[in-house]
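Next up is one chain by itself, shown in structure tokens, the form predicted alone.
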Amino acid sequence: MTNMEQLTVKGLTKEYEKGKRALKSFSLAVPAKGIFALIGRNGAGKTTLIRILSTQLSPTSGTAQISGLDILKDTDALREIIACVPQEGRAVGWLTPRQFLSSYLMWRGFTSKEANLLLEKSLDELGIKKYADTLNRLLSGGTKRKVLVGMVMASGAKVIFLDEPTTGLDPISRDELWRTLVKLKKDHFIFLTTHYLEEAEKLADKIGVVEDGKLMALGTMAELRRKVKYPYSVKILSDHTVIKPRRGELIKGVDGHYQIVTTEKEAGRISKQLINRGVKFSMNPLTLDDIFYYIVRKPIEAENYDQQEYY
């Protein structure tokens, strides 16, 4: 694979005030095609990395290249091929999707005529053309997010950065946006950050695990599963009961709860013991959530979408 076909990050470090380091000599190399998902807990360094790669923030040290373009030396050329939807991104409430996309595209250098052609195609592909002349503030949370995705789609950018794009969406809106991203990845490279592990598992061709500013693991789902070695997981949820497996590995997280990774037969035996003791637990084939817990030894944050505010 040539440099023109990949994203390469070498030793990126970002230090903020009072010596706080958001990234710690972060290195990464992945194909610049399909969807790459970076997963991690809040504060792990995901947003800092995406801001550096999208040329919004300079690193303290280290560098990166996207499709052969250096983020520090080729900033202007790189901005021609990338587009970004930040975590806090919002479609301007007092504009319609048509007005919002038109303004963005003309800001990127397109003529009014070109912008109109591109935005119509984008809104049509996303299935939101019927909302083209409705004020953004009156749209549902899922449709607002689609407007932002439509913005970067219409730009013609080949590299798209999406920082936690489905945060705050209800499950139906989230699923709709997932289907959009699957279509989009056929012709684009999408760099996605998320703390929804199901999102990464369903969408990503490759997944990176970040914790405390460091890359802990990288690979396809199959490759990440091989890091655990065992196909089943038992999580003890109701108390801190300890059951040592005959075969497998017992993991204690910083939250005090235990996870056992083991074989299907041993998981069944342990489950019967826990049922007899009246202990609350879960047992399932290994998921990305289990892999994350195994690697990081900490649970990723859950989110209650019912409590989210929609803008």
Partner chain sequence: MTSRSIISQLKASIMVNAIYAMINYPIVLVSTILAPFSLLLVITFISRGALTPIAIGGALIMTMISSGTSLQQDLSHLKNDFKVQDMVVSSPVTAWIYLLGMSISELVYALPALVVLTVLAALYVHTSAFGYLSIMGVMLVMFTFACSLGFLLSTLSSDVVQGWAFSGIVSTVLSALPPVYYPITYIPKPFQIIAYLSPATYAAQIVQNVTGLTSFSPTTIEIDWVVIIIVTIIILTLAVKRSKWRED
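No experiment lies behind these values; they were computed from the predicted model shown. Positions refer to the first chain, counted from 1.
There is another form of this protein, the form predicted in complex with its partner chain, and it is not shown here; the text below is about that form.
For the residues 67, 262, 54, 48, the 4.5 Å heavy atom test against its partner chain in the predicted bound form is passed only by 54. 148 is the sole member of 190, 139, 123, 148 with a non-hydrogen atom within 4.5 Å of its partner chain in the predicted bound form. Contact annotation: residue 232 falls outside 4.5 Å of its partner chain in the predicted bound form, judged by heavy atom distances.
Within this chain, residue 104 lines the site of its partner chain in the predicted bound form, having a heavy atom no more than 4.5 Å away.
Under a 4.5 angstroms non-hydrogen atom cutoff, its partner chain in the predicted bound form lacks residue 282 among its neighbouring residues.
Taking the partner from elsewhere, residue 79 is found to have a heavy atom lying within 4.5 Å of its partner chain in the predicted bound form. The stretch that touches its partner chain in the predicted bound form, counting heavy atoms within 4.5 Å, is 110-118, out of 191-199, 174-182, 110-118, 217-225.
Contact annotation for 65-102: residues with any non-hydrogen atom within 4.5 angstroms of its partner chain in the predicted bound form are 71, 72, 75, 79, 80, 82, 83, 84, 86, 88, 89, 90, 91, 92, 93, 94, 95, 96, 99, 100, 102, listed in sequence order.
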